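Form predicted alone, single chain, as structure tokens, below.
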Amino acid sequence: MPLSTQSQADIDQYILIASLDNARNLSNILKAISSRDHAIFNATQNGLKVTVEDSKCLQANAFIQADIFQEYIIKEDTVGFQVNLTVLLDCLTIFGGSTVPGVCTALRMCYNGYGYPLTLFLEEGGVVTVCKINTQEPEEPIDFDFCSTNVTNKVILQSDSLKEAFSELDMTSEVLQITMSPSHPYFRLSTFGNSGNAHYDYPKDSDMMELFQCTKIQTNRYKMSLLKPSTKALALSCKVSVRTDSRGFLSLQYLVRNDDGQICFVEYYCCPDEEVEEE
């Protein structure tokens, strides 16, 4: 493969190298968080974490473990930079993002350190394209302080059931209300849109419910405009974990299986819009 013909001297200059036989395994997971132009990349020995934020109320994280990559070399404890995510996705799909069986775009992604561009070597059918994307110093991501010890309620659902709920709820609603309770209605999604109020309930013994752990009744509302981007991750995922903490902050963690059957995670954190008093 032409990418493998890069000289050792070329390779040695980089502090981060990540290679994939199938670039779709990166582009698909990045599309799941692409609600804003800029993304913060943080690389460690464990892999890549890519973060996108929206108005300090929403944070989306994509986790791509090191063993997803066919080659993953990092020469520092942590490497961070910020890039334009729209431009990066355009480059990753420069060959059209072919879904033809047996036809893949290979990727080698290289970074030389502060002030240098992110360099992509993309190869398909013997043709190599080199893209250089300007990087910026990464901003410090917001710490939502979402700690597992403060989680009050948690459910794990098969994604198909949540897709069905979103197709039936009124998406003209400004908010999505989530009720979680140890007793009826257990797990309820509610909208208040142009066509009236709608509720979608999940019994705790539903076949679609893999885990139900609720310790207190909690009802919170979240801005629909903030949650809509997470449906991109939902569409790719096979399971979703829904958690709320004592402050009403929401965590949506999506388990995504890539083209090669490997597992990646996408997580969304969202601030509550308002707390609803129980009647």
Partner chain sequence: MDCVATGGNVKVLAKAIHSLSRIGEELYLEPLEDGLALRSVNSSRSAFACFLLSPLFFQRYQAPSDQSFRCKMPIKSVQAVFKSLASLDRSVEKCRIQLNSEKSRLTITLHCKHGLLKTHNLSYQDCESLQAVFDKESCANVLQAQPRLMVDTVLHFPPSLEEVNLSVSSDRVWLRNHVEDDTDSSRAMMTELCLSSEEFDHFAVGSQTSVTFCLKELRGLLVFADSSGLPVSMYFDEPGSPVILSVTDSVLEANFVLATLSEDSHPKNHVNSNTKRPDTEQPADDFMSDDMDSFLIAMETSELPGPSQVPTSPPQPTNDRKHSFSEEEQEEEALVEGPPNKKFCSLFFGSVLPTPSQLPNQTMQSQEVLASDSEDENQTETS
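Numbering follows the first chain given and starts at 1. Please read all numbers here as calculations on a predicted model, not as lab measurements.
Note that the form predicted in complex with the partner chain isn't included here; everything after this is about it.
J.: Given that the partner is absent here, state which listed stretch (146 to 154, 104 to 112, 193 to 201, 75 to 83) has heavy atoms within 4.5 Å of the partner chain in the predicted complex.
T.: That would be stretch 193 to 201.
J.: Contact with the partner chain in the predicted complex for residue 206, defined as at least one heavy atom pair within 4.5 Å: yes or no?
T.: The answer is yes: residue 206 has a heavy atom within 4.5 Å of the partner chain.
J.: Would you classify residue 167 as touching the partner chain in the predicted complex, given a 4.5 Å non-hydrogen atom cut-off?
T.: Flag for residue 167 set to yes.
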